[in-house]
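In the block that follows, a single chain appears as structure tokens, in the form predicted alone.
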């Protein structure tokens, strides 16, 4: 059975990569004792903590960490009326941290995720692996059967086109989980004791034209390349759906990355997911989404962005328009979500004016 690394095992000295270029974003409703385990890896970095729920509650952060903490009162103060686009009582609130960050890269993790061990028993520095993924190119246009050709000990296989071997910039690094898998409620209910103990030593680029279910609990991305598309939607309090925040962002991100010629990687690194959420609570949050996704996913599969969408913001506004036109018939919620997507971009550009008009890639 997979077990988390102990604090001692995690205490190997780490050389902090991109120390001044990366923020760690953590959504939470509780004290952040879990950071003690991550101290050897996280302490050199700046943390952005987004407190969900009751803003009068005091969240305790272990000594020695450099952090800023935002609660709902702060979000309302900073965004004013546009704060309506940030979810309440849902981990989707984390995307506020992406918006206020001023760094090039973001790593986001949930507070029930611990340091995992590789098969040799060594503590895994998840952040370091995400950075390696992001700093090496992706290969979305042609699949390499040795997976990531830029990893040590791998290369492009015979028959791989030389014209595609430079790859493209990597926008997203999607990590995985040992112990509690990221299952939906029906799967949790029929497999309550299932645990993931399989460690697969692989990183691969998700091919162009292929969607994936993005999980936000162990995720790195290049904020300058794809940040404005990392909106986790309207979830939680007052909304008819939950637990689709990261997946909604992932579908939007993948369509936009495909259009702009950017890459998305999945695989390593692993974290140890310690706690299974209640499947009955999850079912109440998910049940509409389970039906809706059968129409949402074909919508994204068929979505085409115009050539003049040359920035993430333009792409996202176009996607919002298409959501309003084509998904509002599924449920009025999508009309509201499309408006929130536009509000999100307006708020992003207000807080990040320098990047509002910059191109992020090359339209396909």
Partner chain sequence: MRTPPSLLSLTIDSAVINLSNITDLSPLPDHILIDLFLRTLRAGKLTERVLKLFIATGKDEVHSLIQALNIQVIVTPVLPTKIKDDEIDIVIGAVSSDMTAFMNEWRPIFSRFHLIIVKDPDLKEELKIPEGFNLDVYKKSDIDRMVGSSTSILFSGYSCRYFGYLVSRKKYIVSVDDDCLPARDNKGFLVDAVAQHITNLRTPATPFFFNTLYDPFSEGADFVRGYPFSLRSGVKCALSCGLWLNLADHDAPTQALKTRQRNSRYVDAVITVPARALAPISGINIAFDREVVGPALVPALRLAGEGKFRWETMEDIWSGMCVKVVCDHLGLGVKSGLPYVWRTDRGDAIASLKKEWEGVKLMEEVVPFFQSVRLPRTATTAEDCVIEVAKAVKEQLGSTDPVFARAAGAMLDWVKLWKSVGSSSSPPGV
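Positions refer to the first chain, counted from 1. Please read all numbers here as calculations on a predicted model, not as lab measurements.
Same protein, other form: the form predicted together with the partner chain, not shown, and the subject of what follows.
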Quiz item: Hey, in the predicted bound form, does residue 85 get a heavy atom within 4.5 angstroms of the partner chain?
Solution: no
Quiz item: According to a 4.5 angstroms non-hydrogen atom cut-off, is residue 278 in contact with the partner chain in the predicted bound form?
Solution: no
Quiz item: Does the partner chain get within 4.5 angstroms of any non-hydrogen atom of residue 151 in the predicted bound form?
Solution: yes
Quiz item: Quick one: is residue 286 in contact with the partner chain in the predicted bound form, heavy atoms, 4.5 Å cut-off?
Solution: yes
Quiz item: Considering 274, 136, 266, 101, which brings a non-hydrogen atom within 4.5 Å of the partner chain in the predicted bound form?
Solution: 266
Quiz item: Which residue, 112, 224, 182, 128, has a heavy atom that falls within 4.5 Å of the partner chain in the predicted bound form?
Solution: 182
Practice problem: Decide if the three candidate residues 186, 202 and 290 all line the partner chain in the predicted bound form, where lining means a heavy atom within 4.5 Å. | Solution: yes
Quiz item: If we take heavy atoms and a 4.5 Å cut-off, which stretch out of 141-149, 72-80, 101-109, 120-128 is in contact with the partner chain in the predicted bound form?
Solution: 141-149
Quiz item: Does anything in 190-211 come within 4.5 Å of the partner chain in the predicted bound form by heavy atoms, and if so which residues, in order?
Solution: 191, 194, 195, 196, 198, 199, 200, 201, 202, 204, 206, 207, 209, 210, 211
